[in-house]
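Single chain ahead, by itself, as structure tokens, in the form predicted on its own.
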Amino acid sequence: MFWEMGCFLLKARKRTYQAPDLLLTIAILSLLAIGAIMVYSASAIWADYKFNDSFYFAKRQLLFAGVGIVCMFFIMNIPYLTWQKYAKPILIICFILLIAVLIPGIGMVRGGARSWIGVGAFSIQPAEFMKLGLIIYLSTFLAANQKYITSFKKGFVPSMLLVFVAFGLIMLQPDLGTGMVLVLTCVVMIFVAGAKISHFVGLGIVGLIGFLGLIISAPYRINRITAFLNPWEDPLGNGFQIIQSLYAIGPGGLMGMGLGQSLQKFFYLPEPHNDFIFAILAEELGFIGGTFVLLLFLLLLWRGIRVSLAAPDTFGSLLGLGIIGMISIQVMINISVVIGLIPVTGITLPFLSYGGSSLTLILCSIGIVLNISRYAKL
């Protein structure tokens, strides 16, 4: 057995001799560098007030980024087909974590949601693990059942049933933002795999009804909708975040007020280093700085799609597209919230927002895409 494993790894090493995609790597490292700078700039005042240490969040962000980069480069050298072999155990572990977080005494409540499990001085968010775990499993399932993907009963229903079970557990926390990212990512994967558009029409109708039900069932979600439509109706309540976000973006103008010169981070915009970090970036670096960041995300999207389409097998293509799709959807939702296009959801901006498990998991995911790029025929 050990001899066979050694031969497999040796062959894998020969196959992965190709260097990882350079432009994709540059985009990731550039976004991480900008994120570290902006986390410090956005959080220094708040950290000094709360922890008497202006570098508190910046130091933790650098730690998470450092761990994530190490994991990314380690995973980059693991043949991506390895994840296909362990897709089912990974998914089971993710489901166990999602159930465990709902148990009082294990799950930690933050911001009204029981979404965290404490591990020593740190904490993890099981929903973040589920996003990657489900992408890996769904890529395996769709690649192995390509001939059934056009079948409603044998292909479409089993795939979506699994997605909705995961979504249901996430909504019990509740965490609508993460649940939306998970569902949209999986829908993109199933569509790319070859599912019929007619199946998605029915799913869209059911999903719309269910989405309306989720909104009606929680008064705070209704308040977010009304605040989105007219934030000035309740400027000190439900409309406060989006108003303060727009107050940050507006004065930024073309060139920005200068790095570190934001006014909204002085306790106007709540937790500016998290979900609304792009508003502080736009205020300090202006339209040019915001556009540069968006171009880096577009570079990531372009290279990620090219790598995925050039993968040597269906599993690699779906896995890469799923990961890039997850990141891109999260970026679109976050920035849409910040500039007032959609109601507020608790979604971080990948690579830039302060975070532990979310940042580390995204970098691990990118490590998989970089490994796929070592096999891709670009």
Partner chain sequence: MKRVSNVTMRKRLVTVFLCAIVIFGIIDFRLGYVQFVIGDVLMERAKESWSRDITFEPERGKILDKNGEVLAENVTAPTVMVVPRQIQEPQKVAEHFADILDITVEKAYQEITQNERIVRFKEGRKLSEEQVEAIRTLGLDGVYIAEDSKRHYPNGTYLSHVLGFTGIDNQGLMGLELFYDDQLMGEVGSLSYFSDAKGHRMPEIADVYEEPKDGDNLKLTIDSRVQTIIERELDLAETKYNPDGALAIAVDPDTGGILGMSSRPNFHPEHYQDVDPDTYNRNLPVWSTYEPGSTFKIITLAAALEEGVVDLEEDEFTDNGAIDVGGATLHCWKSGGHGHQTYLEVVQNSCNPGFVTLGEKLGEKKLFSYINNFGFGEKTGIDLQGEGKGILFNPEQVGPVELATTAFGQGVSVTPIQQVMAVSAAINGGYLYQPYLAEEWTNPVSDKTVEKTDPILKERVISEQTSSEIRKALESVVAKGTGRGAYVEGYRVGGKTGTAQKVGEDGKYMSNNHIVSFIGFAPADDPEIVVYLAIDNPKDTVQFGGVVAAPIVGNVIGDSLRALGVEPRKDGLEKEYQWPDQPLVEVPDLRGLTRKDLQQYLVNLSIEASGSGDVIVDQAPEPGEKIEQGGEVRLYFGDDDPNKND
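Small disclaimer: the values here were computed from a predicted structure and weren't measured. Residue numbers count along the first chain shown, from 1.
The same protein has a further form, the form predicted together with the partner chain, not shown here; the description that follows concerns it.
Among I28, I347, M38, L321, the residue placing a heavy atom within 4.5 Å of the partner chain in the model of the complex is L321. Listed residues I93, I305, I117, L203 were compared with the partner chain in the model of the complex; I305 is the one with a heavy atom within 4.5 Å. The putative spot formed by Y247, G290 and S317 is fully lined by the partner chain in the model of the complex; each residue has a non-hydrogen atom within 4.5 angstroms of it.
Contact annotation: G239 falls outside 4.5 Å of the partner chain in the model of the complex, judged by heavy atom distances. The partner chain is not drawn, but in the model of the complex it has a heavy atom within 4.5 Å of Y49. In the model of the complex, the partner chain sits within 4.5 Å of a heavy atom belonging to Q146.
Residue contact with the partner chain in the model of the complex: G253 places a heavy atom within 4.5 Å of it.
Of the stretches 30 to 38, 66 to 74, 51 to 59, 309 to 317, only 309 to 317 has residues with a heavy atom within 4.5 Å of the partner chain in the model of the complex.
Of all the residues from 182 to 203, those having a non-hydrogen atom no more than 4.5 Å from the partner chain in the model of the complex are V188, F191, V192, A193, G194, A195, I197.
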